[in-house]
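Shown next as structure tokens: one chain only, the form predicted on its own.
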Amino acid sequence: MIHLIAGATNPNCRELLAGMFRLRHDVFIKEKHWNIKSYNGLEFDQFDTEETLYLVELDEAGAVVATVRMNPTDRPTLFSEVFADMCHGGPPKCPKTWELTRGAIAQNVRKSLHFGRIECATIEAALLWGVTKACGIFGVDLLMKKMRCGLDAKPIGQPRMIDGESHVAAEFAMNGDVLQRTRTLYRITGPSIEQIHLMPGARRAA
């Protein structure tokens, strides 16, 4: 089951968010040894805000096994504040362009269909919020995988080694055609997002 959660402090999703921050700690700090801060086994930073959207996937036992973070680029992002020099002309700044970061999948399910479901859910979320483009800093291998999935990805900077892995700034369209191609590739026949959790008091028409 994939949940779409609005807000890093959403009071209705405390356990889901804690599980997500714990997965990020396990993947990025324990496994990949990134030099980033953590707090009591949870990984989060200044770009986890009330405006941030998260996709959180649970397995049949209710454990968090996959996630991705989505931030509008008309606000400060990891891209604009830390990696701006990796993009020719500077990173995008537009409310209809999202930065995708902290994409993580639990080690024990990486050969399953979780990647495809999260990819579809990311595009579904973009369509729901009227977002037409995504960008970020991606591992070159991951970007190539996304392109094979049907994303019309375009590098917007030169590759750079980060934590021993080649990364590149890139952007790609988020639209119905890309969603259909991605669903077809992974043999997904319907929506991947099953529940949406807005911040209390927020209203949004799909």
Partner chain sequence: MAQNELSASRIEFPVLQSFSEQCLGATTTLEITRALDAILQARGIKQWYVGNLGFVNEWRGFGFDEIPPAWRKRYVEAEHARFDPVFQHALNQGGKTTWAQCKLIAEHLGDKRALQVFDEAAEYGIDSGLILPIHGLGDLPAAVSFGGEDLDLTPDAQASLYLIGALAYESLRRLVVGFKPIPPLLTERELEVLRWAAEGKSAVDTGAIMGISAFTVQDHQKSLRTKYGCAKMTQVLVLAALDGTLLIARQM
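Keep in mind that what you see is a predicted model, and the values were worked out from it rather than measured. Residue numbers count along the first chain shown, from 1.
This next part talks about the form predicted together with its partner chain, which is not shown.
Listed stretches are 62-70, 165-173, 26-34, 43-51; the contact stretch with its partner chain in the predicted bound form is 165-173, by a heavy atom cutoff of 4.5 Å.
Proximity to its partner chain in the predicted bound form holds for all of 156, 181 and 187, with the criterion being a heavy atom within 4.5 Å. Proximity of residue 58 to its partner chain in the predicted bound form: non-hydrogen atoms within 4.5 Å are absent; the residue sits far from the partner. At a distance threshold of 4.5 angstroms between non-hydrogen atoms, residue 143 is in contact with its partner chain in the predicted bound form. Contact check for residue 151: a heavy atom falls within 4.5 Å of its partner chain in the predicted bound form.
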